[in-house]
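First, one chain by itself: the form predicted on its own, in structure tokens.
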Amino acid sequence: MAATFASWLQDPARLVVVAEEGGRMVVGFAAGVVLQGNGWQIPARLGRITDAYVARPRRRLGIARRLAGRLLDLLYEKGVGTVRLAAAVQNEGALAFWQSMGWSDLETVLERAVPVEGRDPEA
């Protein structure tokens, strides 16, 4: 993860915010990116929240809400017209969190395993 953070911090399109405890221990982070859209299906400048995490013992204390709020402010300052994110449908906690902040469904992405010869992917 350290290498990933280092690459994000060097990328001018990337934004990273962290929550610290005691000025030394990171207890959460949120990351996003500014993307160029096509102005039709995707706004000309699209913000995307790519990652958000709070350490389990620090959850339900408002940390994620503050991280997301700060990240959104930074994305808006970069001139994005819309911000999107993806959350796994099985992650009910994440879905409830984002919905509580005013996010709503945009599309449904379906997935199916590639069949392997001699094996039924549904088995």
Partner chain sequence: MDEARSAVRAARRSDLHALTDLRLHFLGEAAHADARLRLMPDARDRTEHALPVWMGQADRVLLVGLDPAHDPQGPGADNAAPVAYAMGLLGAVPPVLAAQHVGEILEVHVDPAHRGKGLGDALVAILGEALIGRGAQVLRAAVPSTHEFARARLERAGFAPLQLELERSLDAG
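Fair warning: this is a prediction, and the values are worked out from it, not measured in the lab. Positions refer to the first chain, counted from 1.
Missing here is the form predicted together with the partner chain; even so, the following discussion is about that form.
Colleague: Does the partner chain come within 4.5 Å of any heavy atom of residue 22 in the predicted complex?
Modeller: Result no; residue 22 lies far from the partner chain in the predicted complex.
Colleague: Taking any heavy atom pair closer than or equal to 4.5 Å as contact, tell me whether residue 102 reaches the partner chain in the predicted complex.
Modeller: Yes - in the predicted complex, heavy atoms of residue 102 and the partner chain come within 4.5 Å of each other.
Colleague: Is residue 55 one of the residues lying within 4.5 Å of the partner chain in the predicted complex, judged by heavy atom distances?
Modeller: The answer is no: residue 55 has no heavy atom within 4.5 Å of the partner chain.
Colleague: Please run the contact check for residue 106 against the partner chain in the predicted complex: heavy atoms, 4.5 angstroms, yes or no?
Modeller: Output for residue 106 is yes: heavy atoms within 4.5 Å of the partner chain.
Colleague: In the predicted complex, which residues of 1-19 put a heavy atom within 4.5 Å of the partner chain?
Modeller: Stretch hits, in order: 1, 4.
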